[in-house]
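One chain follows as structure tokens, the form predicted on its own.
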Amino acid sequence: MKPVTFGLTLVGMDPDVKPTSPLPDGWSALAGRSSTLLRETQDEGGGWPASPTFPPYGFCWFRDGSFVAEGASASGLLPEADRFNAWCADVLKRERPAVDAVVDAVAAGTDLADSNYLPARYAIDGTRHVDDWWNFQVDGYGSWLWALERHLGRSGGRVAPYADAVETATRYLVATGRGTCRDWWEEHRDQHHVTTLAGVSAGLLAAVRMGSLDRELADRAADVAAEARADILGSGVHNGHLVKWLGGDEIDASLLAVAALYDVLPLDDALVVATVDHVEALLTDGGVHRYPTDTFYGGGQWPVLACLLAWHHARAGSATRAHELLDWVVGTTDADLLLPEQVAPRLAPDRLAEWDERWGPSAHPLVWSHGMFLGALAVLTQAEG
């Protein structure tokens, strides 16, 4: 898999890969600005802050960072993706004793406090930051394995430097991946989340395919990946579409990742088609809302999710719809071509003030938005090429 360059001069780009037609107005400029932002905001150690200007997001998430690294890798920023993957490997090396303790406790049936599990976010230097954040989420570790395999496939890199970290992440997901935790949005600690289960399944299968696990762990990882998929198909469906958590009935735009990113179900599976239709009907108004009852900063529309929906349509052969969504994303930039976390219209505008008073205006820029734009653009360019 070769990196796509979009006609830009990027570090590590392959000059033989070019789009078949010029990009629409504004897309090239935003792609270039996104690449620059990723280079400018990445710490020398490899971590990306979720936002360089919004203090609550001045940390590196495994989830957000993995999707940013995927966008970097797909657009030719191979050294930047290398540095992020090395950052993750260093974190997991330090966390190995904690993972050993979690694995032993789970095997013994011992209850653990959330603080005993691996956190979703770390300080930029890779150390734990102890506070009251909603930190117990496991999808990021699956997403990292998913993104690492894709990056190594593009770059021709070897898995050997990451083998210990891959093993540590795999053992952690085998122990915790099918349990309750917080979702992509750091909510609903007591639920089994379908998107999380998909990320766990995809990450474990990526770890198996990379070939560095011993046979016993590889077999167990493949079994847990299959079990997580079976969980989704068994209890993660309502009225013919996927739902936010097992046994529930609510739609959530993160469910687009089940097929578009993680390939846990085929893009043309009836469940996937119905889920996309529900997202389009209930959550899309130019951009894409997270879920119907969202109140965070008033429940606005997220460029990240518009990119994710465009990613799906690009892969599913609906290029026209993908273009519409990426046009909308480009339209949310400010004068400096920076993308926000979310924009109006809002589902709960009366709830905006409480968040403004708590943390100030929402994150702008959101590095994840820029990474997802690059990733979606790469998929669309490849589909049209």
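Predicted model, so just to flag it, every value in this text is computed and none were measured. Each residue number is its position in the shown sequence, starting from 1.
If you look for the form predicted together with a small molecule, you will not find it shown, but the lines that follow are about it.
The contact residue chosen from 302, 262, 117, 162 relative to the small molecule in the model of the complex is 302, the criterion being a non-hydrogen atom within 4.5 angstroms.
Of the residues given (37, 31, 50, 325), 50 alone sits with a heavy atom within 4.5 Å of the small molecule in the model of the complex. In the model of the complex, at least one heavy atom of residue 61 sits within 4.5 Å of a heavy atom of the small molecule.
Residue contact check for residue 185: one or more of its heavy atoms lie within 4.5 Å of the small molecule in the model of the complex. Residue contact with the small molecule in the model of the complex: residue 312 places no heavy atom within 4.5 Å of it. Proximity of residue 373 to the small molecule in the model of the complex: non-hydrogen atoms within 4.5 Å are absent; the residue sits far from the partner.
Checking 72 to 80, 288 to 296, 212 to 220, 197 to 205 against the small molecule in the model of the complex, the stretch whose residues place heavy atoms within 4.5 Å of it is 288 to 296.
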